[in-house]
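First comes one chain, alone, set out as structure tokens in the form predicted alone.
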């Protein structure tokens, strides 16, 4: 994967992000399956996942499901610790791994506060969610967004003044995970 100069210099025209309304998640795992199929993710590994939590006591139980993946942070610690520059960020905010430059040292795996990276034994490099960059560049949404039957995920450009993301974030309360890390995550969870 060749990094273009504009992306390396951080010139930004868009800032991609994801809004998640986990109350809509029914744990069907269509997003997980779509991601694995779209990106040829090896068996036993995942670029995204659904965290499950059960509260209460039988027979009064409450289950909640929360989608999780790379947060494509604005100040990504995984990028900062990479000794070869293989972990890098495009001008539109997507955090990627250049497989030609990755030496598989695992520093980025340790640095990620979201446990969103893994070492791919088949390719011998680090792997993670790319937000289906090949689809985004073709004007399509990520596979996990497109396949979700309950529309849990909303993907878009934070810089678009009349975009769906800006509308959701200005009219709904939300949280980001682990803000104290200084990574400035760009997945927003609606409350």
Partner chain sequence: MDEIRWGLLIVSYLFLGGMSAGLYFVSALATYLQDGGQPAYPRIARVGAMLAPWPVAIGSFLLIFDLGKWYRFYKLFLHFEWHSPMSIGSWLLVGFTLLSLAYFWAWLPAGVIDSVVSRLPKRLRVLGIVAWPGREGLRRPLAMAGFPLAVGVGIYTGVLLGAVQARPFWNTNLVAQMFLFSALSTGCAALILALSLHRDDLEAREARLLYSIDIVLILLELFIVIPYIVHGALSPLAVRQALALILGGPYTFAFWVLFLTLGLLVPLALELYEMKPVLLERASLHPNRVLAGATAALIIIGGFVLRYVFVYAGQVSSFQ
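Numbering follows the first chain given and starts at 1. No experiment lies behind these values; they were computed from the predicted model shown.
The same protein also has a form predicted in complex with its partner chain, omitted here; what follows describes it.
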### Task
Report whether all of 84, 99 and 114 sit within 4.5 Å of its partner chain in the model of the complex, measuring from non-hydrogen atoms.
yes
### Query
Which one, 156-164, 57-65, 139-147, 118-126, holds residues whose non-hydrogen atoms are within 4.5 Å of its partner chain in the model of the complex?
118-126
### Query
in the model of the complex, does residue 104 have a heavy atom within 4.5 Å of its partner chain?
yes
#### Entry: residue 79, heavy atom within 4.5 angstroms of its partner chain in the model of the complex
yes
### Message
Can you tell me whether residue 22 touches its partner chain? I mean in the model of the complex, with a 4.5 angstroms heavy atom cut-off.
### Response
no
### Task
Consider residue 177 of the chain shown here, and say whether it contacts its partner chain in the model of the complex, taking contact as heavy atoms within 4.5 Å.
yes
